[in-house]
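Consider the single chain below, provided in structure tokens and representing the form predicted on its own.
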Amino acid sequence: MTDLQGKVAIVGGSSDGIGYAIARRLAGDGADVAVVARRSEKLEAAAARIREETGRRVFTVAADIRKAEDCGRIIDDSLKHFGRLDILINNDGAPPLGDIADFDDAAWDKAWQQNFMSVVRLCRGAVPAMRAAGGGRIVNITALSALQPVPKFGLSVATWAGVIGYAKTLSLEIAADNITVNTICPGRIATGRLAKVFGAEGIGAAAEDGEAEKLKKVVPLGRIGEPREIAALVAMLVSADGGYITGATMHVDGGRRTNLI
């Protein structure tokens, strides 16, 4: 467990999946958390579970990060509620799959707003508050495909690659303010996204028709990752123990990425 007592975090996409696991972990480690997602009812249910399990203050912000005004509201409402901001976790779903040459301008614009501009806007809003707090931590959640592209994932690959470049540049510009910026690229993690991509109702259902076994075979560790394992790395990066790590891009994939660097 890391010690996040007195810290305030904003966690995107936190009604389920990786975002929920991160919010739950940070609250369990002592942080107060603003949870963000589009669907209010599901978000409120997630917040209630985190409050009950951790005893921490959990504030909900129902918002669409594809909209500039909602990005501003996420930062403003969280600051009004908690009075400070120490941690920003940029996380959300992903754009549709398909042949990259077939996507029209509207599809590209939606992907750009969701994956890239949301990060730019939320970081722009968060950095002044982190400076006022004496430092901060920013972590972006992307995907392994941003480092090791695969067919049909072009909208995500192109826009998240931009996030990696943005994050590296930002890390250099705000390091003197004691603000770190890092990016995590998860591989195959047991979430609704994985089930959607591979046409299964879930990992349990996939196991019945052998699909889960196919997914596991391409992972050197021989299994699908768990959201809590991404959350554990996030918890370290945003803690005092992660204070000397910035500008890094990390793949958490059970060994799937084959490059040396």
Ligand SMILES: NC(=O)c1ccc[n+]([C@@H]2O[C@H](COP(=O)([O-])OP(=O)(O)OC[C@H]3O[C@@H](n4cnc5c(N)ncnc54)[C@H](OP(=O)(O)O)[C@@H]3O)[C@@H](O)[C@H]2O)c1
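As the structure is a computational prediction, the values presented were derived from the model and not from experiment. Start at 1 and count along the sequence shown; that's the residue number.
Heads up, the form predicted together with the ligand isn't pictured, but that's what we're talking about next.
This chain lacks the partner; the member of Ala111, Ile75, Leu147, Ile189 within 4.5 angstroms of the ligand in the model of the complex by a non-hydrogen atom is Ile189. In terms of contact with the ligand in the model of the complex, the residue from Ile141, Ile179, Ala133, Val163 that brings a heavy atom within 4.5 Å is Ile141. Though the partner is left out of this view, Ala94 does reach within 4.5 Å of the ligand in the model of the complex, counting heavy atoms only. Arg38 belongs to the set of residues with a heavy atom inside 4.5 Å of the ligand in the model of the complex. Residue contact with the ligand in the model of the complex: Ser239 places no heavy atom within 4.5 Å of it.
Although the partner is absent from this view, Ile18 contacts the ligand in the model of the complex, with a non-hydrogen atom inside 4.5 angstroms. Each of Gly13, Asp64 and Leu194 places at least one heavy atom within 4.5 Å of the ligand in the model of the complex. From the list 124-132, 77-85, 181-189, 99-107, the contact stretch for the ligand in the model of the complex under a 4.5 Å heavy atom rule is 181-189.
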